[in-house]
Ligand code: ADP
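Quick setup: one chain, the form predicted on its own, written in structure tokens, and binding and motion questions come after.
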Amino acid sequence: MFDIATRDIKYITGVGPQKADVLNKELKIFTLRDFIYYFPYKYVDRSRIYYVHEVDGNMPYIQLKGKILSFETFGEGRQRRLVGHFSDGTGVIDLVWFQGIKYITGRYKANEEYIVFGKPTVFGGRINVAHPDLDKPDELKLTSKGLQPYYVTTEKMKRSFLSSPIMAKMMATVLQQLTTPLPETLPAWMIAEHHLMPLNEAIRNIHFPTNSEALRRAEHRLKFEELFYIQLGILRYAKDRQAKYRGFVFEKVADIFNTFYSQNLPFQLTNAQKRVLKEIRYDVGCGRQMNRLLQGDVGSGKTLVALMSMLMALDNGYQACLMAPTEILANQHFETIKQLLCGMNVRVELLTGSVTKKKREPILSGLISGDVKILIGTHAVIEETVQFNSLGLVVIDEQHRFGVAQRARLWSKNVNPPHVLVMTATPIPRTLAMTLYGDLDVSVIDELPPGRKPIVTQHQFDNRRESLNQSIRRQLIEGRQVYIVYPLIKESEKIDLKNLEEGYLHICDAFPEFKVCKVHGKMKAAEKDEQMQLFVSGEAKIMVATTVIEVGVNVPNASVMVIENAERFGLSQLHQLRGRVGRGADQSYCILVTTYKLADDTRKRLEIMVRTNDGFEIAEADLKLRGPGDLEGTQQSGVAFDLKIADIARDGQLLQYVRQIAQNIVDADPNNNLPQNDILWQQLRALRKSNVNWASIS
């Protein structure tokens, strides 16, 4: 028996070099193992054969048994189509082909019996089945329940004769050729304890289920294994890292922290902020390197917690650094922190790409001498030239905007890696956080500071433009500022930019007495900053923008956020945008403007936005509606592993269940040497080689 993990796909019966090339490029299928782990996305019950007279155009899929009475061709050139008139004696329907006409007429004959399978539609008052599957009754082996697998295929695959039925035929051939059972990937004790279907049985039943119960058990086994190994890998990696890296011990909370707490604190800390500070205080004092994710909605006071954590480092003779994804955000952090530390003898410096060489030199020498206590900056802080005297704590804002390599370079700024606090205003559902940031401890600030009023969110249709403009004018007359956001999506970039330009001119016409600025990602950085500054300073009262403002601009006086074409944004992104207002004491509003025609999913999204301001509830709903691969606003394309069957949104309970099993194993077998777990560590090593980069998870 050959090794399925190394057996090249091109040597499989029915594949060959050309199809193998398509499978390589389109689906990243290179080996026999990749192929049998390419699972169907749905199953259609083919156990029932209908009569023609029962069929109508609303049925999903049908199966008929009868004869093609005759063939006819219609149209010329690209419009040409082949029609086969098919009957079982109870009526006649049309089978239609738009491509491969020569192949069909050469292969199928009139007056011979076939089983037809396809989706019926009505065209010109007659029932049609386009591009049906046709099989001879004696060649078609239906399983007892007739559950037929369907595989996702691309246009390129279909053009290379790799449609779903052909994939199914190839899969059946492959599984027939595997005469010895597939080697088990979980230990016998785990299969028995958790009542799991053996791997060999699961793989065969996931492709060709003998019945729906067998399919359910096969799915459970394969999901269990996939999620279990992800969690085992993350927890093993975290444990190894803890053992390898000792953290600096911040023994005391002393003068700097206490002076700030008693004299400079702008308002009473919320209970959530106090709880998080306690968690951080424990981490930095216990001797292990802190790796903590701090989640909190926009405006929940994360920056204050980050600053107080940095002051703990200062009290123990270390320096601290805060890294932000954009210059605007870095500038804002710098201004906020300077203001908070006003009157205290703590040197804070800002380092971004636009800091001149002349200003840069004293900052760099101050870092080496230890005079600069807190450095705030963008990617510029990880350049080779930036050296610290003793960096003890790094705060990273909006973690998902930094690459792994960039974060790793921060670690090398000291002999021991500094403590790391990662902040995000993107609420990440618990199940996703456990997978994406599995080795980070998670802290959540789930209270808003006192005096903040919840933002009022409304949904309006775009035919009520006049009354919307009147509401905006009322806010402007009261001295407030307004954001108006347009979508800018790659696929329709040209149209979107045109809409934004037209919108900008329309707003200038509607509000001639107020200065309007505009910002979008296609502008040069200097031009963008200049326009942003007009708004931040209060000179411009209205900002027309794309989602470039999603992370970062802090204008407490802005009280209205109008989101045009809100149906085109994801939930998390709408929530991020809404968080740009509501930063002052005034009542703030978010208006979601859409067309009247909306899909059900879109309507649900907008209803959730209107109903709640809770970022976690929104993130959970977003995960369910959209799946984990596309959490806009969190840009989770950084998922370090390719899930073949599990779905983080729907399999959250299973994820938590297997995580606990993995945790117990890591605790009981810290050195990977218990014989009953041999198979686990072997499999984990194999997975690490093939498809998972664990380092990129943290």
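One rule holds for the numbers: they count along the sequence shown, beginning at 1. Bear in mind that the values here come from a model prediction, so they are computed numbers and not experimental data.
Omitted from view is the form predicted together with the named molecule, to which the following refers.
Peer 1: Quick one: find which of 294 to 302, 319 to 327, 502 to 510, 115 to 123 has residues within 4.5 Å of the named molecule in the model of the complex by heavy atom distance.
Peer 2: Comparing against the named molecule in the model of the complex, the contact stretch is 294 to 302.
Peer 1: Of Thr594, Gln273, Ser164, Thr457, which one comes within 4.5 Å of the named molecule in the model of the complex, counting heavy atoms only?
Peer 2: Looking at Thr594, Gln273, Ser164, Thr457 one by one, just Gln273 meets the 4.5 Å heavy-atom criterion.
Peer 1: Which one of Lys278, Arg452, Arg288, His194 is close to the named molecule in the model of the complex, taking close to mean a heavy atom within 4.5 Å?
Peer 2: Looking at the other structure, the residue within range turns out to be Arg452.
Peer 1: Is Asn331 close to the named molecule in the model of the complex, meaning a heavy atom pair under 4.5 Å apart or at it?
Peer 2: Because no heavy atom of Asn331 falls inside 4.5 Å of the named molecule in the model of the complex, the answer is no.
Peer 1: Would you classify Phe267 as touching the named molecule in the model of the complex, given a 4.5 Å non-hydrogen atom cut-off?
Peer 2: Flag for Phe267 set to yes.
Peer 1: If you check in the model of the complex, is Lys223 within 4.5 Å of the named molecule, heavy atoms only?
Peer 2: Although the named molecule is absent here, Lys223 would stay clear of it in the model of the complex, with no heavy atoms inside 4.5 Å.
Peer 1: Although the named molecule is absent from this view, report whether His207 comes within 4.5 Å of it in the model of the complex, heavy atoms only.
Peer 2: Close contact is absent here: in the model of the complex, His207 is far from the named molecule, nothing within 4.5 Å, heavy atoms only.
Peer 1: Going by the named molecule in the model of the complex, which residues of 577 to 591 come within 4.5 Å of it through any heavy atom?
Peer 2: Heavy-atom contacts to the named molecule in the model of the complex: only Arg583.
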